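Following this are structure 1 and structure 2, which are two forms of one protein chain, each written alone as structure tokens.
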Structure 1
């Protein structure tokens, strides 16, 4: 092994060390964050905390309505954003000529949307969904706003996945007489499934951690929502409220943060398992 390392050019060794150092810094940063959240919030975390309603402005009780509201917000966002993201990506890759005016306009719009601050999305969601469409402060308003926020990254990920599919596959489907619908359903979208799921995970991550946009759309109410038209507080908004507005709410805030991290881990694990299932299915076929 020593002889092999000695043969490597010095620049390769420096690059290898830099890459490993960068990965180590990222891992240590995540470990430090996780250690702080676990150390501060684990003592407050319990089954009762997960299944009861908050009391005393969140200092006591649990976060059951908060968890339900967060899950409903994410479901609305995913349900709305996923078909729009896939449809837009398919349009850019297979129905619009690369470099055309329409493709440039859509691409520029995506780049601008990706850089828009979340507070601006919140103001837009409040003005359009809550007021203009009459949805008010509701889970539906918040979920639709989160869908708008997640769209750019989901579209870009799906677009990259579709462009990575070899053009020979498209020519092969055309030679076999397959319609574009059949080719997309049976060949192209399954091939791009890992990229689609990666974009979905990133979109969920951004939506679940959002605070500013939801303050203006889904609201602060911490009771159990009866429907999508009821107001609901997300975990991120709950953490912000406990930290900034509730004296003595730090322990509950850390416990809620730990629940949020756990929720994201579960969602990502499910998405990764689905991605591996799709890949194995493609290989066996």
Structure 2
């Protein structure tokens, strides 16, 4: 108690000032970064930037093939990860008891996966998908690697969405004599759908921002991909390449960064709106 009473108003002021300064520094750093990206990016961004092929290693021209490659990479990742994510989340919430051995093993695997650094996913994807499975440097290798990376966050948020469905509903379906399967199909999954989609969007956002895992799996090629077995360069890899390996590529890098950040903001906004929608429904029930 003694030290509580000994607290001096002057120390109060110091803490107050420090807290406000910290909040201000965070906001200013963010503003500086965003200002730079928007300011420098807008000067180069145009409709033709989005719709033409890069020329002179990306210094000139646009990023059309790179956008297509990014979309394909994300599509592969979603297609593979979505069923796995929803299945695992349903398993954890409705089919195994919390704290049972099975649930603990799956949970622990997810925690480990979530902690693996992205460059290590890149090493793994290169050794396993590209070389061992013989997929080579391709959009398929990259997309599968991204799926592995996005899996934990997708499962966790789907799980949260399913757990948010009131247990009364589960008891109600049991009282009606519904099987768990039909309860899930007709009641629980539809009720949790916005949260599930929000979770999937978060996973996609994570995948879209990724660079390190893609450099050795989907590769560097900046031509329009002809199939999923072609190498394709994602926007993030394009930004990296322009910044590090192309002298005078900064302007284009900023424009590509603006496109990528814009894409991510849209994805996150959808995820946020959907999860708010769920919360609001929970409250008004």
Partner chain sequence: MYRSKVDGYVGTGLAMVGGVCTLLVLTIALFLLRESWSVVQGVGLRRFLTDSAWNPTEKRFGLAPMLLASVATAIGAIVIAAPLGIGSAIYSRFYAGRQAARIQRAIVTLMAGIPSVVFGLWGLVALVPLINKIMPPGTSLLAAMLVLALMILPTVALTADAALATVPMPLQQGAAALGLSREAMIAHVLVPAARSGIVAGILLSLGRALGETMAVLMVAGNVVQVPTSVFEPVRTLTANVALEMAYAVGDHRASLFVSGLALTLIVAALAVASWRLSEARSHG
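Positions refer to the first chain, counted from 1. In this text, the rigid core denotes the largest set of C-alpha atoms whose superposition between the two forms falls within 1.5 Å. Just so you know, these numbers come straight off a predicted model, no measurement behind them.
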Query raised in the report: Two forms of the same chain appear here; which of them is the form predicted alone?
Result: 1
Query - C-alpha positional change at residue 264 between structure 1 and structure 2 - rigid core reference, Å - result: 2.6
